[in-house]
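Here we start with a single chain on its own, the form predicted on its own, put down as structure tokens.
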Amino acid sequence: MSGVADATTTTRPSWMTASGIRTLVREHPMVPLVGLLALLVALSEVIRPGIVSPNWAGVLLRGAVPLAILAACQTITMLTAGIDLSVGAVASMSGFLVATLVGDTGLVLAIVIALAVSALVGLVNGIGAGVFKVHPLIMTLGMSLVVLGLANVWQVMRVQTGSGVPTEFRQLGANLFFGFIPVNLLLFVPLALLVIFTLNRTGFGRLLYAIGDNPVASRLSGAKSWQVLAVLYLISGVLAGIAGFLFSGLTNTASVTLADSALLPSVAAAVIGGTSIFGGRGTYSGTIIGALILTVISSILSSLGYPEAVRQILFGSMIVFVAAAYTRITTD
């Protein structure tokens, strides 16, 4: 009896066992993401003592915002088992259009035109995927090439590059309040809250999850998936256009390939944040943390002083490792 009593008293609580920890993480997927982010911040301090400061955090957050907006495009499309590979081209085109038009049309009209073109690209993607049943990967990849080609034609037609990146974009994309609060949060916070609210509290958001989780059942229940996809990719195009404004303001550059390098990290941020490429599972909150994780990783690799090629290899390897590890502990 005493042996039984001893075994009982030394039994660990269920949440402290391996299976209990996995269950806890699966029910609260943000826990490992926030933990990993904290670990990476601590590693940054170890590598370069004293680097972690309010200014450092502000600069990182400022750089993560455009990536997080592009990653929103991937999150909402991946919920339906799709993807949007045109966002890099659309973001580049959007920033370039404003820079070349602002001198002739004024800032407001230039922004309206850029967002209208971005929305049109998204609508074509949605019609191709929803109506003509072209796989989103193929449809959006093809549209990215079309957008790049048209942007190059526009660049040749303009000859000159216009007035350059508007001062308002530079202030919005690159400035910091009090030296550590990014100005671009004024745009990002309402936008992020709107995305989160739409996914969690609206019928449209529930349709995205339903179509991704079980497209047959959602169709039988009366959902018109082609209409949902048309609106979805239109929204994705507009978000990419907005991200392009911030990319151009952050770098003070307007080119037809400005945001191309952010395409794959935007996909990685969504995956690391817990969005399933098979649809039906994911949150934008997780994607935001995923974008922050990638930004800190990039900062760490820059601090180590490795050549660009080595940094790219390590960055890609770490993305694969983090995504695989997170998927392993949060799924059955």
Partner chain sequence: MNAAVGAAVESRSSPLATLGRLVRRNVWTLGLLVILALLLVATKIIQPSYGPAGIQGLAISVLPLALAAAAQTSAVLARGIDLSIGSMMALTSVVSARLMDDQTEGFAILVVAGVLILGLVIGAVNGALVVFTRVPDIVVTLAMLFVWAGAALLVLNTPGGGSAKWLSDLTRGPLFTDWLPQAAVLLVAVVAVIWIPIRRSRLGLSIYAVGSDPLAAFRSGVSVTRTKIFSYMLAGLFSAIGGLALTATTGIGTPVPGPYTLMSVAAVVLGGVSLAGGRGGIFGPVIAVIILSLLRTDMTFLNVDTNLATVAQGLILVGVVMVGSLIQMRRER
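Because the structure is a prediction, the values reported are computed rather than measured. Positions refer to the first chain, counted from 1.
Form predicted together with its partner chain: not shown, discussed below.
Just one of 90-98, 178-186, 108-116, 123-131 has residues with a heavy atom within 4.5 Å of its partner chain in the predicted complex, so point it out.
Stretch with heavy atoms near the partner: 123-131.
Check for me whether its partner chain, as it appears in the predicted complex, comes within 4.5 angstroms of all of 28, 190 and 223 - heavy atoms only.
No: no residue has a heavy atom within 4.5 Å of the partner.
Residue 152: touches its partner chain in the predicted complex, heavy atom cutoff 4.5 angstroms
Judged by the heavy-atom cut-off of 4.5 Å, residue 152 is in contact with its partner chain in the predicted complex.
I'd like to know whether residue 143 contacts its partner chain in the predicted complex, with contact meaning heavy atoms within 4.5 angstroms.
Answer yes; at least one heavy atom of residue 143 falls within 4.5 Å of its partner chain in the predicted complex.
Verify the contact flag for residue 83: yes if a non-hydrogen atom of it lies within 4.5 Å of a non-hydrogen atom of its partner chain in the predicted complex, no if not.
Result yes; residue 83 sits at the interface with its partner chain in the predicted complex.
Quick one: does residue 277 come within 4.5 Å of its partner chain in the predicted complex, counting heavy atoms only?
Yes - in the predicted complex, heavy atoms of residue 277 and its partner chain come within 4.5 Å of each other.
Does any residue in 284-309 get within 4.5 Å of its partner chain in the predicted complex, counting heavy atoms only, and if so which ones?
Going through 284-309 in order - heavy atoms within 4.5 Å of its partner chain in the predicted complex - the hits are 308, 309.
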